[in-house]
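Shown below, as structure tokens, is a lone chain in the form predicted alone; questions about how it binds or moves come after it.
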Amino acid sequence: MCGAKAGGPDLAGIDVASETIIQGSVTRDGEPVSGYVRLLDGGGEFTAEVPTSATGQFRFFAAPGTWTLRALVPGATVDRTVVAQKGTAAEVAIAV
């Protein structure tokens, strides 16, 4: 099943070998952006949403497979496709 929580690049305390992690940051002109990131399944259906941290970071724990990330920030909406695999963190940088 899929759960989500706000996070960031620090994986301390997370058993990466047994988790499927999608994480990254949202920026505009190299600066962090506050907003939300949605996780959409392969059919485009809403699965989860998290706010970005003060540094623009986000993290999802998801099932392995292909996902769409949708960054929703003031003045912009950007989609990125990511393939998540168990045992590794998929790092995604979203520039809006």
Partner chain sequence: MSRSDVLVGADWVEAHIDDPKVVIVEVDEDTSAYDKNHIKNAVRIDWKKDLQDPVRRDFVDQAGFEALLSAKGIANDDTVVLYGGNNNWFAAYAYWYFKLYGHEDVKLLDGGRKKWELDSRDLVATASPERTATEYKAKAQDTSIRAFRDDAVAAIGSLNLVDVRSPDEFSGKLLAPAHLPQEQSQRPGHIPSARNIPWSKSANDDGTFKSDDELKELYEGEGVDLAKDTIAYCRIGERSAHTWFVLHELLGQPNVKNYDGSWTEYGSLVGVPIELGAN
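Predicted model only: the values in this text are computed from it and were never measured. Numbering follows the first chain given and starts at 1.
Beyond what is shown, the protein has a form predicted in complex with the partner chain; the following relates to that form.
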Self-check item: Contact of residue 47 with the partner chain in the predicted bound form (heavy atom, 4.5 Å)
Solution: yes
Quiz item: Does residue 74 make contact with the partner chain in the predicted bound form, using a 4.5 Å heavy atom cut-off?
Solution: yes
Quiz item: Is there a non-hydrogen atom of residue 39 within 4.5 angstroms of a non-hydrogen atom of the partner chain in the predicted bound form?
Solution: yes
Quiz prompt | Contact test in the predicted bound form: residue 62 vs the partner chain, heavy atoms, 4.5 Å | solution = yes
Quiz item: Which residues within 77 to 96 place at least one heavy atom within 4.5 Å of the partner chain in the predicted bound form?
Solution: none
